[in-house]
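The form predicted on its own is given below as one chain in C-alpha cells.
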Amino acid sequence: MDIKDEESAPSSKKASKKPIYTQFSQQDLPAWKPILTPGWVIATFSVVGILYIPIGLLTLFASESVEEAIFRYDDRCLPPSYAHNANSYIQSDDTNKTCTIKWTVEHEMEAPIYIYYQLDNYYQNHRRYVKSRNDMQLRNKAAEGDLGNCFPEDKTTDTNQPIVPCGLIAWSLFNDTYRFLTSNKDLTVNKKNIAWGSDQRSKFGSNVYPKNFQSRDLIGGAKLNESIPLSQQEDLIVWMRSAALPTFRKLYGKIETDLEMNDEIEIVIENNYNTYLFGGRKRLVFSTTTLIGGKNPFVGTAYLIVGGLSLFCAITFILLYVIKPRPLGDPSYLSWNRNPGGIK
C-alpha cells in the first residue's frame, strides 16, 4: 500500500464525543444547597423588613432636615422689552445683564451653605459634546499641541496656534456670576475646594496654563486667567465633569456663615450665559447638607418600599403557613443526598 492509499483509508478509531468528566464541568463541586423551608423564608423577609424600614425612616428624616431655596432667574432677569427676543438681548454687548433678586430667609440655614447653579434642558451628555476635549492636553504642558477631538475649537483663526484648553466643553464654560449682600455688606463666597481633589491632581496639570482661550470671534462662555494653572481653575474643573442628565446642578461656591430666619439677602446676578437659544432654564440653589448629602428623598423611599414589601411577604407566608399548612418533602430524596459522591 502506497502513501496515498494510507491517507485515504478511514481511521479505524473514531474520536469520542463524550465530554471528559470533571466535577467542575458537571457542576458537582461541593456547594451549599439550602432548602428554603417556610421558617427560613419568613425569617429572611422579616430581617430585611426590620432592617430596611428604620434605615429608610432615618434617611428620609435626614433628607427632610436639609434646608433648600431655589430661584429661577432666566425669566426674571429678562427685560420686558426683550420678552419676545431673548436671544438678541443676551447676545448684545450693549444691554444691561445685571439684575437683582430679594430673598427673605424662611428657615435658619447653618454653615456651610452650598450655592449651586442649575441648568435645565442642557444636554452635556451629547456624544460629540462629551468627546470634545483632549485629556492629554489638560494634564501635560508638552501635549498642548495635541488637539484630537477638539475641532472646531482647536486652533486660533488668524495664527493657527493651539487653544488651551481646547474643545467645546471648555469653550462653553458657564459665565453667570452672583453677588450676595445682607445689611449692605457682602457675603463672602468661598470658591476653594469646590472641585473633586482627584480631578485636580490627576486630570488637570499644575504646569498647564490657558492659552489663546476664547480668542476667536465667537465667544462661548467664561474666560480664564492665563496666569493660573488649570489645576487651580476650579470653576473649569467643575464644569468639565459633564453631567449625565439634561437637568443638573454644579457647585458654584460656599457661604461659611449662618443665615438666620428673616434675614434679607440681596442677590445680584450677571445674566451672561445664553440658554434662551435652546429653551434652557437657569436656577440658583442654596442648600445645606447632612451626613447623607443634600435633599434626596429617593433613597429613603426606596428603603421603605423594599422593607414594607418584605414585611408584607413575611406576614403573608406566616398566615399561609398557619391557615393552610403544607407538609414538607423528605430531603433525603434530593439528588445530592441520594448520590453524595457525584456522578461517576
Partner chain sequence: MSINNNMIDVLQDQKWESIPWKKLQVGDIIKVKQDGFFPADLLLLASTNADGVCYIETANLDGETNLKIRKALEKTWDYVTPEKASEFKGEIQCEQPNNSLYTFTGNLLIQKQTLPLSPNQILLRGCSLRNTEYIVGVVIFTGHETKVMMNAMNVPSKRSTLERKLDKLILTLFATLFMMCFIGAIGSAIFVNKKYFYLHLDSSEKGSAQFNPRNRFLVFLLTMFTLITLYSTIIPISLYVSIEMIKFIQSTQFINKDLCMYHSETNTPALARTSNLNEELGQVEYIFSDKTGTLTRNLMEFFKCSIGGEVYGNGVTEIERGLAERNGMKIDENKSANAVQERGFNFDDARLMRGAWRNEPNPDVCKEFFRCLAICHTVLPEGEESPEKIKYQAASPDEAALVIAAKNFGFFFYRRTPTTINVRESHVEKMGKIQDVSYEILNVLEFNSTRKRQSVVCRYPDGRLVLYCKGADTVIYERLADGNTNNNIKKVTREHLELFGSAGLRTLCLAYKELHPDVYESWNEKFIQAKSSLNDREKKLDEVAELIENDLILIGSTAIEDKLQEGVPACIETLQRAGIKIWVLTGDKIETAINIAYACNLINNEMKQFVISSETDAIREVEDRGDQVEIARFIKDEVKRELKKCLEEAESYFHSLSGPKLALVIDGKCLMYALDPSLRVMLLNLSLNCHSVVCCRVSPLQKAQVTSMVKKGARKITLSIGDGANDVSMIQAAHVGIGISGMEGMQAVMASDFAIAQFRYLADLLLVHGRWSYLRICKVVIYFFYKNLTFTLTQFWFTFQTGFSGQRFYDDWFQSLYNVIFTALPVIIVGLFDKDVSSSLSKKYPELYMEGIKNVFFKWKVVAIWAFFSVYQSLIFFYFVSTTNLSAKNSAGKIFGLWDVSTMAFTCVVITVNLRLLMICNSITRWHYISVGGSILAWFIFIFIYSGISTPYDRQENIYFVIYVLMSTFYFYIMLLLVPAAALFCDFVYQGVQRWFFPYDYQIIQEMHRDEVDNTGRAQLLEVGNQLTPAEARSYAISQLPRELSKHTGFAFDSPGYESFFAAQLGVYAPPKAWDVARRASMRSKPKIGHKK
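Whichever C-alpha set is largest while still superposing within 1.5 Å between the two forms counts as the rigid core. Keep in mind that this is a model prediction, so the values were computed, not measured. Numbering follows the first chain given and starts at 1.
In what follows, reference is made to the form predicted together with its partner chain, a form of this protein that is not presented.
Proximity of Ala195 to its partner chain in the predicted bound form falls within the 4.5 Å heavy atom cutoff. Taking non-hydrogen atoms only, Glu153 approaches its partner chain to within 4.5 angstroms in the predicted bound form. When its partner chain is considered in the predicted bound form, Phe298 lines it closely, a heavy atom lying within 4.5 Å. Mapping the unseen interface onto this chain, Asp135 counts among the residues with a heavy atom inside 4.5 Å of its partner chain in the predicted bound form. Of the candidate stretches 255-263, 74-82, 100-108, 164-172, only 164-172 contains residues with a heavy atom within 4.5 Å of its partner chain in the predicted bound form.
Here is the short version: of Leu277, Leu57, Ile50, Ile315, the single residue with a heavy atom within 4.5 Å of its partner chain in the predicted bound form is Leu277. Residues of 293-329 lying near its partner chain in the predicted bound form, listed in sequence order, are Gly293, Gly294, Lys295, Asn296, Phe298, Val299, Ala302, Tyr303, Val306, Leu309, Ser310, Cys313, Phe317, Leu320, Tyr321, Lys324, Arg326, Leu328, Gly329, the criterion being any heavy atom within 4.5 Å. Core-aligned CA deviation for Asn296 between the shown form and the other one: less than 2 Å. Core-aligned CA deviation for Phe286 between the shown form and the other one: less than 2 Å.
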